[in-house]
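Consider the single chain below, provided in structure tokens and representing the form predicted alone.
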């Protein structure tokens, strides 16, 4: 097996259920399923896109893979190690190899810390080298993310930077400890359209230069197409379609994927596209094991969709869909 074909991340049956109290005086609890039975594999050097609308569970998946949250069920293997079992020094070593870039650069940077302190902090936490080596690594990280000359940025505070510069600092902070796997949670959604391409191209260039693998989380299929080798589409916590990027976008099988594609703007005011029609139906609370998760919105659903949750099946080579209608196409 070639190095790039080796599995870096292997997620099996990932489930996350939140317990919520009705109010502070109530003993009864409500349960919300944020992620249900998600299976993902990411190879070395691969960019895997997780696409879905707000509230679909994609950010929860990223936070669990970075151990910022604990899963309710399932297994997560990174470099062959089940990260749920890690504690102490082993957990600290894991955090060095897995880093996360957050969505909002205005929230993710401490306003009281300079750029130098922000980028150096992970090195101090991981006890990497002496002060001189840390200084060199900070300088190198800023240069890699194209904030140069680095000396012009070291002692600036976040409020003295533009949104794009802040996000580059966030990328530098993630890369300064030289991770193998980076989780990018909508890294350009808070930025102006004019500077998004620069950040996306930077991430692609870093993948090539440093051999990084990404979990790239986004709600935008156009961005996912530009960035990702493979895409997984998630709806209400459940993976509904998965495949190589061009194959999934060129021949979508799940109605939710078709709906997302129909919402992507076309840069031609005269072009027309058939819009996906949603059903508006009141249904009982979703049960993942007894009905299709997309049933409340699907105009093409049948009796089997109400009785049985569809399994993920291969509809063509390396292309999977969780839809009863997919097998009939």
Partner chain sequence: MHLGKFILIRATQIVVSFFIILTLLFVLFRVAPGDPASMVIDPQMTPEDVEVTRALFGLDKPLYQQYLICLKNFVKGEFGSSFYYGKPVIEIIGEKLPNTILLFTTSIILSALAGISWGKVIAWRRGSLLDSSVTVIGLVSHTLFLPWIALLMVWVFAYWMNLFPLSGMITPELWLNPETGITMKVLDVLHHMVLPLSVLFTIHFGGFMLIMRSSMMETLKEDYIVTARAKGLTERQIRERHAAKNAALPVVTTLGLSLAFSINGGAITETIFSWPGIGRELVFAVSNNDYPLAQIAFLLIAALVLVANLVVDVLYAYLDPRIKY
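Numbering follows the first chain given and starts at 1. Since the model is a prediction, treat every value here as computed from it, not as a measurement.
Beyond the structure shown, there is the form predicted together with its partner chain, which is absent from this document and is the topic of what follows.
**Student:** Should residue 157 be counted as a contact of its partner chain in the predicted complex, where contact means heavy atoms within 4.5 Å?
**Tutor:** Yes.
**Student:** Do residue 200 and its partner chain share at least one heavy atom pair within 4.5 Å in the predicted complex?
**Tutor:** Residue 200: no, not in contact with its partner chain in the predicted complex.
**Student:** Can you tell me whether residue 304 touches its partner chain? I mean in the predicted complex, with a 4.5 angstroms heavy atom cut-off.
**Tutor:** Close contact is absent here: in the predicted complex, residue 304 is far from its partner chain, nothing within 4.5 Å, heavy atoms only.
**Student:** Taking its partner chain as it sits in the predicted complex, is residue 173 near enough to touch it, meaning that at least one heavy atom pair lies within 4.5 angstroms?
**Tutor:** Contact check for residue 173: yes, within 4.5 Å of its partner chain in the predicted complex.
**Student:** Can you confirm whether 7, 44 and 76, the three residues that make up this candidate site, all sit within 4.5 Å of its partner chain in the predicted complex, judged by heavy atoms?
**Tutor:** Checked in the predicted complex: no contact with its partner chain for any of the three.
**Student:** Heavy atoms within 4.5 Å of its partner chain in the predicted complex: which stretch among 292-300, 46-54, 60-68, 31-39?
**Tutor:** Among the candidates, contact is made by 60-68.
**Student:** Just to be sure I understand the contacts: of 162, 251, 126, 189, which is the one whose heavy atoms reach within 4.5 angstroms of its partner chain in the predicted complex?
**Tutor:** Checking each option against its partner chain in the predicted complex, the one that comes within 4.5 Å is 126.
**Student:** Find the only residue in 225, 207, 95, 134 having a heavy atom within 4.5 Å of its partner chain in the predicted complex.
**Tutor:** So the residue touching its partner chain in the predicted complex, by this definition, is 95.
**Student:** Across 104-121, which residues bring a heavy atom to within 4.5 Å of its partner chain in the predicted complex?
**Tutor:** Residues within 4.5 Å: 104, 107, 108, 109, 110, 111, 112, 113, 118, 121.
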